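Shown below, as structure tokens, is a lone chain in the form predicted on its own; questions about how it binds or moves come after it.
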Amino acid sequence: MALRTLLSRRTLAATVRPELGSFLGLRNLVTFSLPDLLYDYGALEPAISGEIMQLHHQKHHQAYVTNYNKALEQLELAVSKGDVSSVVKLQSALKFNGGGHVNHSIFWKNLAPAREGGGEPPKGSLGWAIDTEFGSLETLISKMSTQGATLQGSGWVWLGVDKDLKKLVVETTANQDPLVTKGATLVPLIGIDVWEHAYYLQYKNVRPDYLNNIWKVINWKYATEVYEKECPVH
């Protein structure tokens, strides 16, 4: 009976979400916490106000973390009971809040104060790849800004790299969907939050103005590090 119960729990977790295999047995539940920023809230001004950064980080991102941990606890209980219906119902909360945590954790690293290199054009292999793929950095910025401005509703615009094809891509995702939902081999380099909470206090409903200014504090050094890790030069 005990063996049958254990197998049932393993099958349930692996079938619904294979990546939850680490929670099998669910005695060592992983919880997540809000990451610290590497700069002060006001350090990105005037591109992004300190008020927005503080609310975005302390309130919005914290809410995703809190709700993700809550959903994981509920999942633990549901799996332990073999409650398939509840496990299925929890998938949307796990995807939304887990995605919100993943996306924002990347977003903070994608930004840097101008005095610390924010906005400086990418160099090395990423700069070369951008010129090869898009013609110029300016063309890439225009493409991402246009796609971000025209994205209906809330979501993200991404510069990613297909780690198998070694090819740069520009994609948008809805709500808090991570870039990986557009392809299992896609790795995010730059993600720009185009939810209203990312800009409304400063730019009102003019999303294009926000997108034009955020490039002044984009951390291309971080994007280059990720790119070179995924596409090492031999």
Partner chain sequence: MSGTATSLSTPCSILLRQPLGFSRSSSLWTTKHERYGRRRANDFPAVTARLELKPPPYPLNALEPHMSQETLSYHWGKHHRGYVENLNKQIMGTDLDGMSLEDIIILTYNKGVILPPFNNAAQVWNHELFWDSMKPGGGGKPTSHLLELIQRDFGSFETFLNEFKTAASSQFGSGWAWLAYKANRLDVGNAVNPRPADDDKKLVVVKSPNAVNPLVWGYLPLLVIDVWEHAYFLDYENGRSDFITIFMEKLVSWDAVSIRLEMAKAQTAKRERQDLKRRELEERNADDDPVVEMYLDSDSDVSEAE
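Positions refer to the first chain, counted from 1. Since this is a predicted model, take the numbers as computed values, not measurements.
The protein also exists as the form predicted in complex with its partner chain; that form is not presented, and the subsequent description refers to it.
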Note to self: With the distance limit set at 4.5 angstroms and only heavy atoms considered, check whether S92, W195 and N205 all reach its partner chain in the predicted bound form.
What the structure shows: yes
Margin query: Given that its partner chain is not shown alongside this chain, does F96 nevertheless sit within 4.5 Å of it in the predicted bound form, heavy atom to heavy atom?
Written below: yes
Note to self: Taking its partner chain as it sits in the predicted bound form, is K182 near enough to touch it, meaning that at least one heavy atom pair lies within 4.5 angstroms?
What the structure shows: no
Check: Quick one: is S154 in contact with its partner chain in the predicted bound form, heavy atoms, 4.5 Å cut-off?
Finding: yes
Margin query: At 4.5 Å between heavy atoms, is F32 in contact with its partner chain in the predicted bound form?
Written below: no
Notebook entry, point to check: If contact means any heavy atom within 4.5 Å, which of 39 to 47, 55 to 63, 161 to 169, 184 to 192 contacts its partner chain in the predicted bound form?
Noted result: 55 to 63
Item checked: Neighbours of its partner chain in the predicted bound form among 107 to 142 [non-hydrogen atom within 4.5 angstroms] -> none
